[in-house]
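Only one chain is given next, in structure tokens, and it is the form predicted alone.
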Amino acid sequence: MPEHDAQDFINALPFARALGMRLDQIGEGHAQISMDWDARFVGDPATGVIHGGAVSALMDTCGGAAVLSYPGALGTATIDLRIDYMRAATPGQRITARAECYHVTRRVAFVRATAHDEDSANPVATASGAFTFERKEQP
């Protein structure tokens, strides 16, 4: 999937657009998407920590982009996504999600993802998921 198509995918999702998601990298079954910290998405005003829902939306969108970048992919939708939150993201820091499509069957793609703030060695969350996989017709 060309980079402009993946960014179009993000821009076509109103929630992703509202969160300010930006495509950083895309390649055969891999994607990286990030979003800036924004006071509108804070879940706890006392601490300034971003809401877990914003992190999960970022990871879900990144997983879908990874599937769409897999060779032969035409479309996808999330079937199941399990997220383990490991720590609060540092207030004020950009959050980055990386996802890889590590296995594909006829109709399902399996994805692993991580999200981190500026401390890339210490994940904020990890995820594993299953996505529908629509593929191009084989000749």
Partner chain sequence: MKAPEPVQKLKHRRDSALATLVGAVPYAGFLGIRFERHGDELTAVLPYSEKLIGNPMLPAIHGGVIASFLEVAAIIELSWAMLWDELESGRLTPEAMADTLPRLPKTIDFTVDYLRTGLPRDAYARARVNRSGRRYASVHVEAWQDNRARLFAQATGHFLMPQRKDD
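Residue numbers count along the first chain shown, from 1. Nothing here was measured: the structure is a model prediction, and the numbers come from that model.
FYI, the form predicted together with the partner chain isn't displayed, but the following is about it.
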Select, from the options 94 to 102, 24 to 32, 43 to 51, 107 to 115, the stretch whose residues sit within 4.5 angstroms of the partner chain in the predicted complex by heavy atom distance.
43 to 51
With the partner left out of view, is residue 69 within 4.5 angstroms of the partner chain in the predicted complex by any non-hydrogen atom?
no
So in the predicted complex, is the partner chain close enough to residue 57 to count as touching (4.5 Å, heavy atoms)?
yes
Just to confirm, residue 74 within 4.5 Å of the partner chain in the predicted complex by heavy atoms?
no
Though the partner is not shown here, which residues of 57 to 83 have a heavy atom within 4.5 Å of the partner chain in the predicted complex?
57, 60, 61, 78, 79, 80, 81, 82, 83
